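This document starts with two versions of one protein chain, written out as structure tokens and named structure 1 and structure 2.
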Structure 1
């Protein structure tokens, strides 16, 4: 077997047939930034950020859609590369409402701008993705200077008519990630890139309708894929900034797929849920229930104390009182009618350890096998 090798920043790496320069770089932890590439989906090459230099070639190439070749000599951070990325980032930043006070300072306007942003944080003035935006991160990393004073007019109004997802076209960089997420990952085929005859923004439905009137099933995969502040979750916008949240990995409580979730928690409160990108089995994906079905735990209707029914109505009780009553009543029934006069149904939604305890209670304590759950439904 011949081994393929190429050189990235003067170090030689092995690669397999069919891999792109980006694949080889990622596999070997060599950073190449990109704003449009999405794992597991054919590269579109739309953002032009992943450009790299091939030694001896005049034109830069895009790492995401250039196949690795034997003997290639690739520079991922050369001055020309950095310069090209800077230019492209500047163009992206100036193309929309990226008013996020980041980048290299520009004298007076910087302070004024920052003050203004802080003052207005609770409004739309500062992007809700502030601090969690891939474009912003790159702008900072590459110290891009751009003209913040003349933000372009917003051509398309923000769409807020559905209960879960906000589409803010003013911040969309047309990278196409959401479209790939919807069509190639979740395969819901609800959104698409515009045809020349359409208005030039991401289109929902055949006829450019609101998400709620398209085939959208609100899985939120597009929101998770969006690198900027163009797609947002209504439930979590403005409630947290990334450095304030702790991420806790857990398993979805709904269906039997067992998707791995990342809970974004601030002060002991879950504010947002995303899919664990590398996690099995879902590889970052969630459905509408997994992503948006978490806030029932904060319902005011939660039971907060044991209840005992008296004369047909419930009254509050202490744990001791309620548990003593249950134990006494069960003891009486066992004494009078035997243990098989008790029966229990366990919960197919709760954790394993709860079911283990319940069957142990019935078998080892009450001495009956009358324990079941909705095993077959």
Structure 2
């Protein structure tokens, strides 16, 4: 049996047919940076950040869309590769309003801006994704020097009319990840990359409308896929920085699918929810309720203790008293009218385990099959 091997940075690795250089590198924990690559969709190679050097070849190749071949000798951090990445990062930073907090303008004015932004944190001059931006991370890593003095004019106004998502076209690098997330992962097909005849920005709908006027269902998959500050959760803009929050993994409470969530918590309060990329069954995907529907937790209208109605008036009760009352009522109904006088409906927001326990209660304990599941969304 023939074994496919290639060399990455002077170390030989085995690979399978069909894998790309990037696949082999990630499989073996060899770092190759990317900005446009999105797991689960076909690579486009649009950002040119993942370029690598093939020994014996004149031109650099893109690791995300170059198939691994037996005997390849690949360098991922050679001087020519690093130089190419720095040039591309510089071009991306200068293409829009990427005011990252990196010392790249060389001057007291930049330091003053940096320190003022750190103090205020609410300033519009500082990107809301500051500290949580893949482009910024790479700019730090490669120590990119770039000119902030001549930022290009913003051709498209910030789109803030949507209920849950802000689109800031001035920070978009046209990587296409949001489009891939919408079209190929969630299959909502609400946005698309522009045609040559279109204005050069991501298009929503057929006639370039706001997200709220398109087929967008506000699942937020595009926001999670965006590597920069072009797409933002409206609720969590400027409310925290990534190092201030504790990330807690949990299961979405809205239905029985069991989607894995990452809660971003500060001072005991949930400020933001993202999908767990490696978590099954959703693999990072969430619906609009799972990603944005957490405000009810802090509603003043939520009941915090059981209530028992007596003489037409509710009074507070303990859980033991309330459960004993319900159990006694059930026993009385069964004794007087038989088990089929009872029926149960499991809430659509129940997790599978709770629905299973409820049907077990009705069928095994109450001896009736009058149990159903409410499919209301």
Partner chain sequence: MTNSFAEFTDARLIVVIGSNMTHAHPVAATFVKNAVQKGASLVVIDPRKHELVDFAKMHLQLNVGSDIALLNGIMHVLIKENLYDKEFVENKCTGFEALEKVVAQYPPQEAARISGVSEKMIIETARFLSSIKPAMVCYTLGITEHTCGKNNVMSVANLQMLLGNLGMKYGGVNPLRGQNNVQGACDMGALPNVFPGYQKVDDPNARKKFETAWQVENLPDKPGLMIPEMMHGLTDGKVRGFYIFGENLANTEPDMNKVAKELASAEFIVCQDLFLTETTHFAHVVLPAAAWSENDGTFTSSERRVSRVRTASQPPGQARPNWWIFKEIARRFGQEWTSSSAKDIWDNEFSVLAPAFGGIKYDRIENDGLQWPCPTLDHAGTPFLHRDGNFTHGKGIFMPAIWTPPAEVPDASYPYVLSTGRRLYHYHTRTQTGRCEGLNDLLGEETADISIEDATVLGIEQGEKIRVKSRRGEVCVTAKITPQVPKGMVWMAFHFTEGNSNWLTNSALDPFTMTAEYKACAVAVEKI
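Residue numbers count along the first chain shown, from 1. Think of the rigid core as the biggest set of C-alphas that the two forms share within 1.5 Å after superposition. Predicted, not measured: the structure shown is a model, and the values here were computed from it.
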property: Of structures 1 and 2, the one that is the form predicted alone; result: 2
property: Rigid core superposed: residue 35 CA moves 2 Å or more between structure 1 and structure 2; result: no
property: Exceeds or equals 2 Å, Cα of residue 61 between structure 1 and structure 2, core fit; result: no
property: Relative rotation of the two rigid parts between structure 1 and structure 2, taken as the smaller one's turn in degrees; result: 21
property: Cα displacement of residue 302 between structure 1 and structure 2, once the rigid core is superposed (Å); result: 2.8
